[in-house]
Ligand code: ASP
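Presented below, as structure tokens, is a lone chain in the form predicted on its own.
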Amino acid sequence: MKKILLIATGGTIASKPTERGLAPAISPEELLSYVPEIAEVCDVSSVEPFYLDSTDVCAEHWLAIARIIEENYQTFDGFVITHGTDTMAYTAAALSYLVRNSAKPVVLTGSQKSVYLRDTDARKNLADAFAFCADGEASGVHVVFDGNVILGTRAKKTRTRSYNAFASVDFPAIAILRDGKPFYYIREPKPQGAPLFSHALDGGVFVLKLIPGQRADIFDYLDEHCRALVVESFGSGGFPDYGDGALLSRLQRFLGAGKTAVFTTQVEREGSALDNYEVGRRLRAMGRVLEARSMTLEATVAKLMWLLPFAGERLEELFYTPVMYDIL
């Protein structure tokens, strides 16, 4: 039997009602007790590095999960991470960069309702996650949710209540699970050689979601606190002028300080295309202006946080170098 390590981090799947609302309270052992058939699929051990609503999960927790995977990589055949749904896509993207070239699967799952409820998606999602993790063809970082297997760099939460909460954005789900068995649409080649682990993330990334009439003085904060800016622009992408050039001037100053701006779109699917319109093309002459294309926002943010500590002058080159099909 495959040896799988459960890394339990809290979330709705492990929550119970409290006087202050739902909060993580179910131990990993109790979590597994609700799905006894998992014991027929694999041999499970568990760790509990933190137990949080995923709203409180951030870069330090991504690094902690990656460190557990690295420390236990030779002992286990795969890793299942139970996680809250709200920031699961960020964690999945971050782990895709922190744990690269892994021939062993790293599978994230969670649920919209707690495992202790009678009518819940938690038990199926948990069973599916272990079934996929124990499959001999599985490798790399994926989200397993509602029967779908989604690349860690392509997952996005698109519904707040429904069981089909996660979508694979601008890339197919690689497999589905039926009766506890994966059926592959895309068979990923097993990575060769040793896994590559990273140990640092830079939190100096800010996401600016443009609104009509955006004020230029937002850069008073950005200039002081940020090394990289992700701009969620309108449509295909661009940056407004509003007749006075104030926003463009402040962006130029930000870039002139050796910082980076990545332009993406507020539209969920089909990505950015800065060269389509004048408002996008005029950015090209400004300096290190990059384009996320069809990357998810979660992958864009996580990739920048991963690259900033070490990429230096190679940041643009490495940003456009695909990792787990994050950019096409």
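Please read these numbers as outputs of a predicted model, since none were measured by experiment. For every residue, the number given is its place in the sequence shown, counted from 1.
If you look for the form predicted together with aspartic acid, you will not find it shown, but the lines that follow are about it.
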query: The unique member of D135, D77, D146, D86 whose heavy atoms fall within 4.5 Å of aspartic acid in the predicted bound form; finding: D86
query: Partner contact for S233 in the predicted bound form: aspartic acid, 4.5 angstroms, heavy atom; finding: no
query: Contact flag, Q214 vs aspartic acid in the predicted bound form, heavy atom cut 4.5 Å; finding: no
query: Residue contact check: E48 to aspartic acid in the predicted bound form, 4.5 Å heavy atom; finding: no
query: Contact of S54 with aspartic acid in the predicted bound form (heavy atom, 4.5 Å); finding: yes
query: Option from 190-198, 110-118, 90-98, 253-261 whose residues, in the predicted bound form, bring a heavy atom within 4.5 Å of aspartic acid; finding: 110-118
query: Any residue of 4-18 that, in the predicted bound form, places a heavy atom within 4.5 Å of aspartic acid; finding: G11, T12
